[in-house]
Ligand SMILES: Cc1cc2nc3c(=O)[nH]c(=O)nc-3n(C[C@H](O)[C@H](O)[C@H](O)COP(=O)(O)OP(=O)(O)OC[C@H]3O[C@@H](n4cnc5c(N)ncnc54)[C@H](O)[C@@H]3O)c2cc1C
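Consider the single chain below, provided in structure tokens and representing the form predicted on its own.
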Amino acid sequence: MKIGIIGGGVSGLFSAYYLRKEGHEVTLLDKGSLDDGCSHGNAGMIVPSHIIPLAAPGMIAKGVRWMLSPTSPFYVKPRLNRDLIRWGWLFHRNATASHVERSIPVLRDLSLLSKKLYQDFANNSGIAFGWEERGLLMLYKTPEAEHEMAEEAAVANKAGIDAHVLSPQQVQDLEPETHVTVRGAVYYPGDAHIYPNQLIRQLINELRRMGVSIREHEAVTDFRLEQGRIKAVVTQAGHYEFDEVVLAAGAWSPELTKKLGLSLPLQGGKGYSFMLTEPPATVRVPAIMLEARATATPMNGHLRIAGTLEIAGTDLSVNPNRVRGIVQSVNQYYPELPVAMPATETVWRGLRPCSPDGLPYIGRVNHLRNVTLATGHGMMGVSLGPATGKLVAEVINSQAVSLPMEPFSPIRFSRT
């Protein structure tokens, strides 16, 4: 079959990879350059530990408190926008204990599938992308966070995800190169990390070698619909006719689904990252600084610092206050790291496509029989990329799917 994929982020690239392996003729369209998508500046964490969705009890109260500080890790840009209001209402409706309980096995199984596929990819593809299995530290400094993380560790262990509560000295023992100032941490030994820039670059090269046609700077502007299917994909340069279409356009997906008659609740969550190049002392184990919601990931001798979740539509401007908040938080946990305010032009920013229930959109839509969605992964796009691509290929090939697809249905909010 001739298959068109809209979007060159990690979900689109892995969809192209697994579909091409099945012998399909694949064309990938992206509105910009594949050298600077959302997947590039990601923290690079592969996190089976992240089994609790963003929509959870207490998150709304935390968000309101954080919004009062200009350097906080979470911010919703105030604007009168019908889609944002609907997204917020759906988030509120899903931030319940019952939703979390239902989501834990769903996110666990999706993440474990993705980790296994990454392991296979690292061992058998001949592609180097910085795969390391050193686990993840969830660092905390306050009694409140200590209590929260103890509960999360218990939930993880109950779900079959190995989690250990560590003392300050045990944390320090894992970090021989730099001093760590914390009250404690939860250590997830089953997590891993990669160098996302290298992954994306190598994956693009491999797709081209496999014969995938990659069309950059070719934005999709419309669709021609005929008898319950997409007849043609219209771009700035012309139009394409495909047997199947995969929509993996990240934060811009709702703009395209509206043209298909589907209102997709999804907001872009802006995040920032920057690199410490060859620091004299570095972090060995990737870490999330819990109170600050900032991350530190070692990558090829460098250290990537990332953080914030700024719900701001598709605005890609850099908010220096948010970046300053990241810098200040890192120095509180790692006082010996030489972290200073980076120049604005060196700060990477990207939009994480956030669904209101914290689960991605993967699968078919009812009213168009040749359309499959692969978007809405929030801050876990790189972590869930291979599993998403594998599921997309299985759906399009009408094969038995690796996981139940109902929790990821793109139409699960169509009646709300």
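All residue numbers are counted from 1 along the displayed sequence. Nothing here was measured: the structure is a model prediction, and the numbers come from that model.
Keep in mind that the form predicted together with the ligand is not shown, yet the notes after this line are about it.
Student: Classify Arg352 as contacting or not contacting the ligand in the predicted bound form by the rule of any non-hydrogen atom within 4.5 angstroms, answering yes or no.
Tutor: Residue-level check for Arg352: yes, a contact with the ligand.
Student: Spell out, yes or no, whether the shortest heavy atom distance between Leu110 and the ligand in the predicted bound form is within 4.5 Å.
Tutor: Output for Leu110 is no: heavy atoms all beyond 4.5 Å of the ligand.
Student: Might Tyr333 be said to contact the ligand in the predicted bound form, defining contact as any heavy atom within 4.5 Å?
Tutor: Judged by the heavy-atom cut-off of 4.5 Å, Tyr333 is well away from the ligand in the predicted bound form.
Student: Can any non-hydrogen atom of Gly8 be found within 4.5 angstroms of the ligand in the predicted bound form?
Tutor: Output for Gly8 is yes: heavy atoms within 4.5 Å of the ligand.
Student: Taking 4.5 Å between heavy atoms as the contact cutoff, choose which of Ala306, Val186, Leu303, Ile230 touches the ligand in the predicted bound form.
Tutor: By the 4.5 Å heavy-atom cutoff, the listed residue in contact is Ala306.
Student: Answer with one of Gly268, Gly325, Pro265, Gly271: the residue that has a non-hydrogen atom within 4.5 Å of the ligand in the predicted bound form.
Tutor: In short, Gly271.
Student: Can you list, in sequence order, the residues from 202-228 that come within 4.5 Å of the ligand in the predicted bound form, counting heavy atoms only?
Tutor: Stretch hits, in order: Glu218, Ala219, Val220.
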